[in-house]
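First, one chain by itself: the form predicted on its own, in structure tokens.
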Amino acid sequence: MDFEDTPDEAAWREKVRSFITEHRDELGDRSDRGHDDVRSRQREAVLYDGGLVGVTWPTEAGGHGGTPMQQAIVDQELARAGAPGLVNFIGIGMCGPTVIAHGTQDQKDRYLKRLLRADDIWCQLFSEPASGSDLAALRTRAVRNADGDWVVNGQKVWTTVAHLADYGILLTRTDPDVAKHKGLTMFVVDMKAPGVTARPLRQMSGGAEFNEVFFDDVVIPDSERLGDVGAGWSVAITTLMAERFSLGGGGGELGISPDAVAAHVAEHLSSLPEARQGVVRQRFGRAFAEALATRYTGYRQLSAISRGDMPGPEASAGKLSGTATARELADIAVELLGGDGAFAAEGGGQWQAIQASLPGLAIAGGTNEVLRNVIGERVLGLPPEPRADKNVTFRESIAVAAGGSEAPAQKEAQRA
């Protein structure tokens, strides 16, 4: 790929940079970042009105009809200016693309522009306590009542900003008597509806952006369904691919800036014993090179998408390698603080807070183990792992997982 801006990209970059400079006071800096303050929503509205949010979304969905490379330039310039991230990043990166792909026109009209301006905050309700990384094993049930609406009961966990969200996309099980991937249905859920309870989970970084969410007889109109009944897995794949690309496929930094760590190393390296300095230089140089490889691999994918090509495996590979590199960079940054590095993350140390938050990134958007399977099976062509729940219904798979006898369908498949 060409690392230089084209004339059109250079003109766009100058436009973006000028807008950020002009609205510097309204945008604030990274110290202003917060999910629960009015200013965070106002900041996103300013960026949207300036054409810097929803850059690649189609105009009919409230976006600006731009290219992935234009979005990358926006991300680069916001990072260069030290501006805080978007408050509605889950909605923009994951929920919105799902509504665009599978929602009705009424849903698009009601939700998308408000989502882009952060008038409404969105969350993604997928993970559950009993299903781990096996998303299709979820147990939250949606049962249709006599009025044609759906009544939902169950629990989700590790849901980012659910305690602040206005809406969410909710994956449920609507038929336990078919294979587990076939009995799922997706909905838009009002997070302020009766029966929805979000409880923040305190993290070791000191923050509480994740939540466990309970659904107790929550009524969801059928008009809020995304896709067909039983087709929730294909809808969820749209969400997961969008999430994976937003985390690891766009050439952005995963939780930490290698350039900022480079400045930190330069500032503190001389305080180390001379023999130790060489070790740190070597270690940091290796991590910095790996971070650049992840960044430029993401740029290569952006270039391919800009040419009209389909996304390749770079998003999964970028997310996998990027999270490992980010953790190494954070470890180096904290170690350079010496004794001060022992202070707790909530004490205000930015490097400690980043270090404490990064293990969660290895789970978000697909665990490292899941991504290795994706790369191994779909890129390298390796045989898939054995599955005990293949050719059985979800109800039967629960019995197998609980240590019961083999399900009838499984026995029949083995006899055949």
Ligand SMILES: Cc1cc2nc3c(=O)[nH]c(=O)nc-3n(C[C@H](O)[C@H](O)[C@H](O)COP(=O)(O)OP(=O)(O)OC[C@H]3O[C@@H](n4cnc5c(N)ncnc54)[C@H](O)[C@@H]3O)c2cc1C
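Numbering starts at 1 and runs along the sequence shown. The structure displayed is predicted, hence computed values, not measured ones.
This protein has a second form, the form predicted together with the ligand, left out of what is shown; the following refers to that one.
Q: Want to guess which of 178-186, 152-160, 68-76, 266-274 is within 4.5 Å of the ligand in the predicted bound form, heavy atoms only?
A: Contact criterion met by 152-160 only.
Q: By the heavy atom within 4.5 Å rule, which residue out of Leu254, Leu302, Ile90, Leu320 makes contact with the ligand in the predicted bound form?
A: Among Leu254, Leu302, Ile90, Leu320, a heavy atom within 4.5 Å of the ligand in the predicted bound form occurs only for Ile90.
Q: Pick from Ala356, Ala364, Ala61, Val46: which residue has any heavy atom within 4.5 angstroms of the ligand in the predicted bound form?
A: Contact with the ligand in the predicted bound form is made by Ala364 alone.
Q: May I ask you to state whether Gln124 is within 4.5 Å of the ligand in the predicted bound form, using heavy atom distances?
A: Gln124 belongs to the contact set for the ligand.
Q: Taking the ligand as it sits in the predicted bound form, is Ser133 near enough to touch it, meaning that at least one heavy atom pair lies within 4.5 angstroms?
A: Close contact exists here: in the predicted bound form, Ser133 approaches the ligand to within 4.5 Å, heavy atoms only.
Q: I'd like to check something about Phe210: if you look in the predicted bound form, is any of its heavy atoms closer than or equal to 4.5 Å to a heavy atom of the ligand?
A: Contact check for Phe210: yes, within 4.5 Å of the ligand in the predicted bound form.
Q: Residue-level contact is defined here as any heavy atom of the residue lying within 4.5 Å of the ligand in the predicted bound form; does Asp37 satisfy this criterion?
A: Asp37 lies outside the contact set for the ligand.
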